[in-house]
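For reference, the chain that follows is the form predicted alone, supplied as structure tokens.
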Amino acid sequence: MSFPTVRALVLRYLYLYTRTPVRIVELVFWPLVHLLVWGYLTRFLQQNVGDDFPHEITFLIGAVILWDILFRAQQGVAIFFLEDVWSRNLLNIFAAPVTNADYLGSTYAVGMMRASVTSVMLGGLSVLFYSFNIFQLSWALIPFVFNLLIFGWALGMISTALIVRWGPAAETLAWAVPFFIQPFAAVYYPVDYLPTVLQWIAKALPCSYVFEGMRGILTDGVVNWKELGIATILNFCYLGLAGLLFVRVMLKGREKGLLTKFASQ
């Protein structure tokens, strides 16, 4: 991996935002809408159900913030690719001496930056509007974020590989793939509330352990490090498999000219 190449690719992506500030709307608007919807739902439940309703219902707000980290990491990879498609720059990138490692490294960096911007914004607004501080998760927040970033990158590579394989008609997968797994990811409810068959799917997703861990901390203050360890192992398996899929599809795309489909849009 060449650091100057990665830096150049990241700078190009950042220039898109400085030259066209309207792109920032996409980065800020939807996370804000989700926070407001779930935040006011949480406040409504707390005020109308009474003392029998647990204070830990604020895990809904925490779930919004943590889910957005995963989603923005995935978007950093998938949207990075589509930005080159929309600007008709894709062939220039892959005609240049840019390796798969350079390209993926830059997308990981962009995904991390996107996640940082939205998580800081959501974290500040959740304190201001709902008196919920995501940092009450303490040191467990570090492995939580780490695992969500890795899984987001893996989903981003899968999204991009599918788009390259199936062509421009599959561009919607850049947004759809994370939501395919959300019902099984235990984002807003525990895994135990899923049907038995779906619980096995949930346990195969590393992000479900993160959201379960968040609820555990908010409920009894205990961190389940064993489940976090399982999540980390699963994440590296997913990242490795997604990387192999991405490299294989890109090689096939260059051999069969699949990338030229995007250049003719």
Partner chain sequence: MKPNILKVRDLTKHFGNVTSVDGVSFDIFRGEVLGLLGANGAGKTTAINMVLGIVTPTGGRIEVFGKELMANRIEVLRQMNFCSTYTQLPGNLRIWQNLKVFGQIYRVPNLNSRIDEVLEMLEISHLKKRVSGELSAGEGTRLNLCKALLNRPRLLLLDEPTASLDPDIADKVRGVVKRIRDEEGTTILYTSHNMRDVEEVCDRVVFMHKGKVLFTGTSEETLHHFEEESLEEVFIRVARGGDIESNRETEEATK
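Here the structure is a predicted model, which is why all the values come from computation and not from measurement. Residue numbers count along the first chain shown, from 1.
Heads up, the form predicted together with its partner chain isn't pictured, but that's what we're talking about next.
> In the model of the complex, does S116 have a heavy atom within 4.5 Å of its partner chain?
Heavy-atom contact with its partner chain at 4.5 Å: absent for S116.
> Hey, in the model of the complex, is N89 touching its partner chain, heavy atoms inside 4.5 Å?
N89: yes, in contact with its partner chain in the model of the complex.
> So, L11 and its partner chain: in the model of the complex, are they within 4.5 Å at any heavy atom pair?
Looking in the model of the complex, residue contacts with its partner chain include L11, since a heavy atom lies within 4.5 Å.
> Residue-level contact is defined here as any heavy atom of the residue lying within 4.5 Å of its partner chain in the model of the complex; does T99 satisfy this criterion?
Flag for T99 set to yes.
> Where, among 181-189, 155-163, 91-99, 123-131, do residues come within 4.5 Å of its partner chain in the model of the complex by heavy atom distance?
Of the options, only 91-99 has residues within 4.5 Å of the partner.
> Within 4.5 Å of its partner chain in the model of the complex - does that hold for a heavy atom of every one of L16, R254 and G257?
Heavy-atom distance to its partner chain in the model of the complex: all three under 4.5 Å.
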